[in-house]
Structure formats: structure tokens, C-alpha cells
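As a starting point, one isolated chain is supplied in C-alpha cells, in the form predicted alone.
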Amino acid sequence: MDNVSLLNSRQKSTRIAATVFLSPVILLMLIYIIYPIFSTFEISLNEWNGISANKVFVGLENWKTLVKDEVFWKAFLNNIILMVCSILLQMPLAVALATFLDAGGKKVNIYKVAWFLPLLMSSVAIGFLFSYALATTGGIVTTISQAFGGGKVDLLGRAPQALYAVIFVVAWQYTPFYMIYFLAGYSNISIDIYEATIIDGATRGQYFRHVALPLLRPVIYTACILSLIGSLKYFDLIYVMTGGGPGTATDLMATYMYKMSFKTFRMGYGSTVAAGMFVLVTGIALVIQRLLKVRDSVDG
């Protein structure tokens, strides 16, 4: 009986401690995550300029406009292109870099530091840097082209070149993040496994293809989900480099939402764009996660 009372007392103490420590986190989530989401959906039902105190309730009119908004769906398509290209560029390159660093050990630590530098830079700073580097007049690409007898190269002022130029810059900045992520995955693979495969006569390439890559698969799946979500809500670097231009060639859902909310002062419709973006991003992330789980279970 005493043991039961002691167990109940400990469980009660654990619940109290958990409540005390989790309460601040839950409160912050309610204030900065849950409330803004509900507030965004509420504002999307109104016509409002974001400044005046008067909101005009319009029901689902903003949502009806959004469904027919070609610019929004063009921005969504650009997000999809950015998502696919980011995964296809970043994942293989990051795996290759992580494999090189894992094989080299401490001898290649200088490369680890050098390759990680882009991630330490501000996205805004990188946006300004590449907007000058890729400029039609005086940019690096134009300078190289003219040095070999060519003309000026306009990468940011023409479609679709502008979108792919921005995708390249995004991949350049965020590949180091996934490199470190995969390097951490390598650290979870026991050195005994590598030594056993080498003793059995496997080459380094065979070890990577048949042992390391399958063991890294859960890490790669998670990295793909992170890249997917990040690509669908990307904003700052692209807005600094192109502002969504030329025209709407590089507009993303986030940049379009910003323009609607803070440039044309259509806060109600901007909130609708943000809410639509939330629904689409959440839906795509859940579908992809489900597909990856199904594929993992089939492969297993």
C-alpha cells in the first residue's frame, strides 16, 4: 500500500513539474503561433486596409477572388519549381559534401568551415551580394562573357532566367545546412560497420551505395521535408534580389502576400493569400510525409 501511495505521489509530482515547465512554452505558442493563425483566417473574411479601425465583413469573397487569382497560382507554381529544384540541387550536393568530409576526417576541417560560411550570412546580405554579382552591367557573368568576346548577360531581368538564377542562389546558401545535417547522420553510423565492409572487400563507393546511403535514408527523408516546407514559404532573399520581378516571373506566395498586404494595403486579401499559403503548405507537407512513410514501409 505504501508503494502504491509513493508511486502516486511521484506521478503527481511529475505532472506538476511537467505543467510548470511546459506552461511558458504553451503560452508562447498560443500567443505567437496559434492566435496569429486564427487571426489571419478571421481577417481574410474582411475587407480592410490594415490601418483604419473599420473592417468590412465580406464573408468568402476574398477566398473566391483567390481561387480565380492567376497571379497567386503563378506564384504557387514558382514555389513548386523552387521546391523541386532545391531538392534536386541541394540534396545530392549536400550528401556528396558530407561524404567527402566524413571520409576525410580532421584533415578536411578547413573545408567544413569554408563550405558552412554561406549559411552564416544574412539572406538579405546574400540577396544584395548576388544582385550586384548577377547585374547586367558590371556583374561577374557579364564580365566573363565580355572577356570572351560575348555581350551582356541579363539573368535577373528576364523570365525564366531570373527564377532559375534565384534558385541557384538559394541552393548556394542552404546546401551547407543539409551538409551538416547529413554529416550528423554519418556520425550515427558506427565505425565498426565501415571497418566490417572494408574487411569484407568492399570499396568506399560500394560502402556508400550499399551501406551508408540506406542508413542515411531516414535523414534524407527528413531533410527533403525541411527543404520542401522552406521552399514553399521562402521570401527575403528573393524579394531583395528581384522583388518578384520581372513582372511576376519570380513572385512567390510570400512575396505576393507581402505586396497585397503592405504595398497595396489590401490587408484582408493579403491575409487570404497568407491563409491560402498556410493551407497549401500544410497539405503538401502532410501528403509528401505520408508518401515517404508509405515508401519507407514498402522498402522495409
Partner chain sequence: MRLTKVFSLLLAIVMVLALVAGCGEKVAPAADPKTPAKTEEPAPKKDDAAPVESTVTEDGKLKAPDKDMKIVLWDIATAEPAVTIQPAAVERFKAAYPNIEVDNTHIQNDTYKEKLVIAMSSGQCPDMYIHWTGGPMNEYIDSGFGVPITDLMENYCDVPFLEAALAQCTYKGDIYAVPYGGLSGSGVYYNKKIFTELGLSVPQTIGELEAACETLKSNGYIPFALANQSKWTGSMYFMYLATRFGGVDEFNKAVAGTGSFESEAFEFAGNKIQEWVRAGYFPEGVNSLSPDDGQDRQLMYTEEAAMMLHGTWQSGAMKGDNEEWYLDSIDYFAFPKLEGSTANQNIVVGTSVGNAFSFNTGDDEDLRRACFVLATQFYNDDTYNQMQIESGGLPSIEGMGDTLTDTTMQKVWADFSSATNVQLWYDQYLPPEVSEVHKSTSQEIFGLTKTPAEANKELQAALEKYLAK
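In this text, the rigid core denotes the largest set of C-alpha atoms whose superposition between the two forms falls within 1.5 Å. Computed from a predicted structure; not experimentally measured. Numbering follows the first chain given and starts at 1.
The next section is about a form of this same protein that is not shown, the form predicted together with the partner chain.
Chemist: I'd like to know whether S231 contacts the partner chain in the predicted complex, with contact meaning heavy atoms within 4.5 angstroms.
Modeler: Heavy-atom contact with the partner chain at 4.5 Å: absent for S231.
Chemist: So, in the predicted complex, is H210 in contact with the partner chain at a 4.5 angstroms heavy atom limit?
Modeler: Outside the cut-off, so no.
Chemist: Since only the chain is shown here, I'm wondering whether W73 would be in contact with the partner chain in the predicted complex (any heavy atom pair within 4.5 Å).
Modeler: W73 lies outside the contact set for the partner chain.
Chemist: Should L60 be counted as a contact of the partner chain in the predicted complex, where contact means heavy atoms within 4.5 Å?
Modeler: L60: yes, in contact with the partner chain in the predicted complex.
Chemist: Which residue among A135, C85, M91, L163 has a heavy atom within 4.5 angstroms of the partner chain in the predicted complex?
Modeler: Residue within 4.5 Å of the partner: A135.
Chemist: Can you name the residues of 204-243 that have a non-hydrogen atom within 4.5 angstroms of the partner chain in the predicted complex?
Modeler: Stretch hits, in order: V240, M241, T242, G243.
Chemist: Superposing on the rigid core, I want to see if T203 changes position between the shown form and the other one - specifically a Cα shift of 2 Å or more.
Modeler: No: T203 shifts by under 2 Å between the shown form and the other one.
Chemist: Does the C-alpha of R158 move 2 Å or more between the shown form and the other one once the rigid core is lined up?
Modeler: Result for R158: no, shift under 2 Å.
Chemist: On a rigid core superposition, would G138 pass a 2 Å threshold for CA movement between the shown form and the other one?
Modeler: Moves: yes, 2 Å or greater.
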